[in-house]
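The chain that follows stands alone, in the form predicted on its own, written as structure tokens.
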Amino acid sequence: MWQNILEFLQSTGFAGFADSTMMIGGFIPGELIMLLVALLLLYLGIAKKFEPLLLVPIGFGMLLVNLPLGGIMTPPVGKDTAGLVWYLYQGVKLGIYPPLIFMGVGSMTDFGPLIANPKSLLLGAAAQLGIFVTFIGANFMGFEMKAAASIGIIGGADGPTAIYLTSKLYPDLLPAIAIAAYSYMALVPIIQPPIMKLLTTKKERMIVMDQLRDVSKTEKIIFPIVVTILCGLLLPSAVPLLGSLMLGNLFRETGVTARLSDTAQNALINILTIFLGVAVGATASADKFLQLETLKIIGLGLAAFSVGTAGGILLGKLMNVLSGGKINPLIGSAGVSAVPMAARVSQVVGQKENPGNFLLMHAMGPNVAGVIGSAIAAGVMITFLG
């Protein structure tokens, strides 16, 4: 009996901690550290409501993979089947989930503010500055070109694009890139406001912008078709992401594909969010995540996101001057492609200074432009480095 009890104890996760290959300080299992990180993400998602649709599945996936002997990410060996989440992860690794998620995003996105104010494209482009500045910085720090590009794309604040690019250029960094990209997307309401206040004056934040013109149904139908053709001809490598985004938007705007639009923006994207979130979280095992290189990537990702936010704001300030004070620079921060979180942050910060200020629709222009911009930036990098 005692032998059976001993065998049982040795089969538990508690005993698995003792066999950890990642001992911090010589005696703290790395898995235990990662379990605490997972609990922190769950706390932020549930208690603080920081993008719970992202942080809850990511945090729980991280928790699952760091339970010793759980085997949820074990690859197949011989006739033995793999862990459940290993199969889900193939959609991330093979770049299947990101375009499908873009289809759902497109079906939920109104391009009207961008069509009504085409200058928003410039703000979306300026916010991609973080991608290219960090790409150069990461390369200077010793990361090879493909790895540096994968790190830089975090600055777009677009998780699907970051995953898609990294799966094409440098799959070894996929766990760290995915966690960093989605974590910063979720933390937009914390990261952006200090940068916005630092780079703008109270007077600028109080600017009330003129109401946008109405956009016709015909314009909204033509837009995704034209964008797909132009970008597809100029940058074929961006077609999987941009084409899916525009197809989803076309479902939304045609008026004759309501069922497809409903499926894309509800059932499809909800299922993909669960699969992607759990799979991304499950890549953060202690042996892969608790590395100096990973910490560098997370730090560079924060720098990329911050520079991108600053780039959009600074161009917004310039456009404000050139327009004679008619553009609130805060909308430039929405040029990162965290839709619609970044646009909401612009609205919140502006309304704190002027309760009668309504920037949301103005900020949605740069916000959706940022989605297009990050996909184009990824396409450029794949074209030159792939």
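This is a predicted model, so every value here is computed, not measured. We call the rigid core the largest set of C-alpha positions that still match within 1.5 Å between the two forms. Don't overthink the numbering: it's just position in the shown sequence, from 1.
Although not depicted, the form predicted in complex with a further copy of the same chain is the subject of the following passage.
**Candidate stretches 247 to 255, 292 to 300, 194 to 202, 150 to 158, one within 4.5 Å of a further copy of the same chain in the model of the complex by heavy atom** = Stretch with heavy atoms near the partner: 247 to 255.
**Any non-hydrogen atom of G45 within 4.5 angstroms of a further copy of the same chain in the model of the complex** = Close contact exists here: in the model of the complex, G45 approaches a further copy of the same chain to within 4.5 Å, heavy atoms only.
**Message:** Can you tell me whether Q265 touches a further copy of the same chain? I mean in the model of the complex, with a 4.5 angstroms heavy atom cut-off.
**Reply:** Contact check for Q265: yes, within 4.5 Å of a further copy of the same chain in the model of the complex.
**4.5 Å heavy atom contact, F275 to a further copy of the same chain in the model of the complex** = Output for F275 is yes: heavy atoms within 4.5 Å of a further copy of the same chain.
**Request:** Classify P68 as contacting or not contacting a further copy of the same chain in the model of the complex by the rule of any non-hydrogen atom within 4.5 angstroms, answering yes or no.
**Result:** Answer yes; at least one heavy atom of P68 falls within 4.5 Å of a further copy of the same chain in the model of the complex.
**Request:** Work out which of I28, L53, L318, L40 lies within 4.5 Å of a further copy of the same chain in the model of the complex, going by heavy atoms.
**Result:** Of the candidates I28, L53, L318, L40, L53 is the one lying within 4.5 Å of a further copy of the same chain in the model of the complex.
**Prompt:** Just one of A310, I207, L173, L260 has a heavy atom within 4.5 Å of a further copy of the same chain in the model of the complex. Which one?
**Reply:** Checking each option against a further copy of the same chain in the model of the complex, the one that comes within 4.5 Å is L260.
**Prompt:** In sequence order, which positions of 108 to 147 have a non-hydrogen atom within 4.5 Å of a further copy of the same chain in the model of the complex?
**Reply:** Only a single residue, M108, comes within 4.5 Å of the partner.
**Asked** Just checking, between the shown form and the other one and with the core aligned, does L322 shift 2 Å or more at the CA?
**Response** No, its C-alpha moves less than 2 Å.
**Message:** Does F223 move appreciably between the shown form and the other one, meaning a CA displacement of 2 Å or more on the superposed rigid core?
**Reply:** No, shifts by less than 2 Å.
**Item:** Did L55 shift 2 Å or more between the shown form and the other one, C-alpha, core superposed
**Value:** Yes: L55 shifts by at least 2 Å between the shown form and the other one.
**Message:** Flagged pair E51/V348: C-alpha distance shifts by 3 angstroms or more in the model of the complex. Which direction, closer or farther?
**Reply:** More distant in the model of the complex, by 3 Å or more.
**Distance direction in the model of the complex for the C-alpha atoms of V348 and P57, relative to the displayed form (3 angstroms or more)** = Farther apart, which means the C-alphas of V348 and P57 are at least 3 Å more distant in the model of the complex.
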